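Only one chain is shown below, in structure tokens, and it's the form predicted alone.
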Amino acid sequence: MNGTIAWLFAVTFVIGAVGLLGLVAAIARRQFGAGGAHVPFLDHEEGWAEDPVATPRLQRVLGATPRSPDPAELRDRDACDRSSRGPVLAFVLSAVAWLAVGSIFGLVVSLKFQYPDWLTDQAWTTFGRLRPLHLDTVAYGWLSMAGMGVALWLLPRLLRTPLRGGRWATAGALFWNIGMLLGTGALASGWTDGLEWLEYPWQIDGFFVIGGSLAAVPMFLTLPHRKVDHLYVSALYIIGALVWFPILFVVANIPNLHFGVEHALVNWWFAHNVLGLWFTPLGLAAAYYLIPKIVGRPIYSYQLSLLGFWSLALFYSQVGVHHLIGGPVPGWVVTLSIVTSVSMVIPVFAVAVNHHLTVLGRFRALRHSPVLRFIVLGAMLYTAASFQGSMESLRSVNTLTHFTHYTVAHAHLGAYGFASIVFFGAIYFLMPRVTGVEWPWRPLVDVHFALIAVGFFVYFTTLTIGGLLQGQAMLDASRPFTDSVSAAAPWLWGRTAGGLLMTLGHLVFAVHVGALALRAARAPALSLTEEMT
């Protein structure tokens, strides 16, 4: 066994061992009791639908009756929201800004498939530099910072106590943004480590390590002061994400340790785990909290939600190696990756059933709750992306789809269709809570949803079809390689058209978030307690 494989399995063993110890501790402390499902609600709050963007008709449609939560509890929750205001705004506003920048990069990259000679006079505007600029700006600037912002808002609500050490997280956002600025400049100038998802030079990675570590400090400071008997499943996902990601990032970025094929193993071990052990837990934490809150009922099965969390921790860490099927890597490592990829149907099925049955009977709320539309669509696409990923890991399927636009479509199904769309909904929910002001133009939320939903459907569908045709052409030894290019070319117009709609949606979103931030800065904040009473 070579050094890199030993590293990967050592890290996997540590993650699994910690997870097993956590599971034992949870069982010993009776954390699997159904009582944990009620943590998101205050006393007498169940049955009342909550969505700061929804119309009043939402309550009538769901048959909700006015509730009278304890004013003291409302004040405590208001204090929890306000305690996280600084770090949440620092991460969310930064994330939205990076989303706008990354979307422009992505649109230009897509247009280069139709106009390859466009913007080639400067090195930094060529495809080879813009593509990693788009990927890393969206992955680290938008998804990571949005996820951390959502997590920092959720933690005090889930633990029923104000966030401690928020200034550490705010400082973490500053370091993370410095890393983003330096990394973006480095990639634009051609300075890169040259591996997908790991393009930022290792000399700059330290800013992300410091920023991420500081962002996690409030979690460790707040946990000992929690006022709940059960750690709700969303809290488990957040804790897991904030523990797993530093391990992944540091191991993958240690300089002068991994080389050649070994480096490829580390590359895809990291790249896939960023989605499964970083973006996914943060997205599911938001979904498990917001779906019950909006429909006014606890999650369908709390035990099933815990099964989903622990099985994700058990199976996901090795799935990324299936991207190297056919490469010069040990066959047993690839086979192990395939087995764990297929095993992912267990946590995915647990999440899908739980979310669907929680909303069952209340799907009419989708007409009146913009936030629920984002969250439910994202949850559905999580199921689709995960099942598709398990199928794509099979050698027979991978032979057709590998090295094609199909893989690009699949990557966006998880990172955008699931994580990004859930974060959109979460930000629409939390921003009025932490700022104390309403969204300036609520119809823009519907405009944003329509643009990104239609845009992503066009993007994903056309790339999937084009990728399959491309794969079929490449598998036919009697056809020249140019046939695979010609087979996919017409469908790439769909990529550009869908990307244009999504970019417009992101700009609408950015303008709306900016307007709310300005309104919050100029107007005295209305507390949640005053608003609900």
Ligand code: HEM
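When you see a residue number, it is the position in the sequence shown, counting from 1. Note that the coordinates shown come from a computational prediction; the quantities given were computed from them, not determined experimentally.
Here the subject shifts to the form predicted together with the named molecule, a form of this protein not shown in this document.
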Item to check | the named molecule contact at residue 427 in the predicted complex, heavy atom, 4.5 Å | outcome: no
Next on the checklist: Residue-level contact is defined here as any heavy atom of the residue lying within 4.5 Å of the named molecule in the predicted complex; does residue 420 satisfy this criterion?
Outcome noted: yes
Checklist entry - Do residue 502 and the named molecule share at least one heavy atom pair within 4.5 Å in the predicted complex? => result yes
Checklist entry - Wondering, does residue 459 line up within 4.5 Å of the named molecule in the predicted complex on heavy atoms? => result yes
Item to check | Contact residue in the predicted complex, from 441, 127, 259, 403 (heavy atom within 4.5 Å of the named molecule) | outcome: 127
Checklist entry - 207, 278, 416, 310: which sits within 4.5 Å of the named molecule in the predicted complex by any heavy atom? => result 416
Next on the checklist: Each of 157, 161 and 435 within 4.5 Å of the named molecule in the predicted complex, by any heavy atom, yes or no?
Outcome noted: no
Item to check | Proximity to the named molecule in the predicted complex (heavy atom, within 4.5 Å), stretch among 331-339, 393-401, 161-169, 99-107 | outcome: 99-107
Checklist outcome for this item: Contact check, 124-147 vs the named molecule in the predicted complex, heavy atom within 4.5 Å, ordered by sequence, gives 127, 131, 134, 135, 138, 142, 143
